[in-house]
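Presented below, as structure tokens, is a lone chain in the form predicted alone.
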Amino acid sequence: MVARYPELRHFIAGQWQGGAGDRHWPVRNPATGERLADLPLAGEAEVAAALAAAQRGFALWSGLTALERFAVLRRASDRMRARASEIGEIMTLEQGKPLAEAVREVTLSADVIDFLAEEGKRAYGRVVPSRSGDILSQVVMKVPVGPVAALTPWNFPANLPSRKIGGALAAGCSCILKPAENTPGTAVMLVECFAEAGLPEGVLNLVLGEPGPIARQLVTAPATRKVSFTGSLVVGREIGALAAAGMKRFTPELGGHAPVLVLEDADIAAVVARSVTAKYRNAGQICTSPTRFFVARPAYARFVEAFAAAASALTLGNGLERGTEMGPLAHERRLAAMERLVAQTQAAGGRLATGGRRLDGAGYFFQPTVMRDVPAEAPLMREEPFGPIAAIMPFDSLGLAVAMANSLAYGLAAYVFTADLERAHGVSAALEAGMVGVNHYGISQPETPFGGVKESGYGSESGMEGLLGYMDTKLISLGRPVGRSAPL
């Protein structure tokens, strides 16, 4: 039995409330096109109320001990695990990914919150020795930055909010979450878990609705002291400029176009199996998705043939149906984008190895697609597809392959497969990316920092770095009382 889609409401100052007036947008199931619910659009009044609540919540939450905050966050993560199947079904309904992927995302999100809550108890400072007898102590502390605006996209409706909420709350900050307008149900259920855990009112707030106006009001508000954004480069630049005008902390994660270098000594069958799974997970709608495959020429023909065969064998369908290996794209606009990239790649001289078309019938389904012999000038080699398209090219020179991998403005994730330990170290050091996976794709873990370089953004989420991104450094230098001399 499919879980009942939740009532979509804002959560402000510990209270659930509907939107003002009759302004709503439809939320649709991307596998069927059916209407799931109407999304209430927050107006200026709701956002202002959330900002005021976050200020009050910060004053309360930051005054608790790290151990007290830890206890609440652990209760919230336990609630997430207890409701993982229910939340996962809602995620599949509104986002499309297979149910097993959705449920795993919820449990991994709970792990992220657990790790950050634990690290909140270990946000240590230090004592700096004084060079003057008049200074009794110099203590460096980590303190919460203040209320946080968390802006998240639709591809990971549980994981991305959890990284931001977990980091902010573990650090002692309050948070206002603005989730994607087409995946709000998952966010509502996550916030329910925190409310059920006894989180004080105003510490976590949820506003739903039109992204542009809400983001501008949240980012420019004096109450907001930190902005965390995951999304496109274009929007990230705009939000970054708004944050900079107010000298606010800003952590952007702005996408990628991950290269994969497959050296001739790699186990081709094993690499293909891992690569197909990684490439078509969530229909390729992942910022770290492997997309540009550079394969050593002696292994190229075998790699392409095996990759195309494995991709074409994947089962597409509704994520709630047993056996589905790849679900739909998130919305209809992505179908047109995939068709355009395939056509442009073929026009530039690339060859279609498999896939390349949308499926007939309901839903936003596009075949797992493999393009081979893709020239460097093809748009697919420069533009993040954010969909189920892989581009495969041969290389004769490892140095040239590394240069091609580094040739884009993106620098989020990169991968290399080789049995040669020395070359593994050399290539991973040369790749310009915030995260490099050697012989595997599992680079995103609760304990490790997630973030990019170049135009993929800066700063990190998850890991200890994800906690420190929500904290300021504060020095307290304690001098001897004026007029007093040192005791004997």
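Heads up: residue numbers just count along the shown sequence, starting at 1. The structure displayed is predicted, hence computed values, not measured ones.
Below, we refer to the form predicted in complex with a small molecule, which is not included among the displayed structures.
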| item | value |
| --- | --- |
| Residue 324, heavy atom within 4.5 angstroms of the small molecule in the predicted complex | no |
| 4.5 angstroms heavy atom contact with the small molecule in the predicted complex for residue 122 | no |
| Heavy atom of residue 155 within 4.5 Å of the small molecule in the predicted complex | yes |
| Proximity of residue 335 to the small molecule in the predicted complex, heavy atoms at 4.5 Å | no |
| The small molecule in the predicted complex reached by all of 178, 212 and 287, non-hydrogen atom within 4.5 Å | yes |
| The small molecule: the contacting residue among 101, 114, 384, 89 in the predicted complex [heavy atom, 4.5 Å] | 384 |
| Residue among 358, 351, 249, 331 with a heavy atom within 4.5 Å of the small molecule in the predicted complex | 331 |
| The small molecule in the predicted complex: contacting segment from 396-404, 312-320, 129-137, 225-233, heavy atom within 4.5 Å | 225-233 |
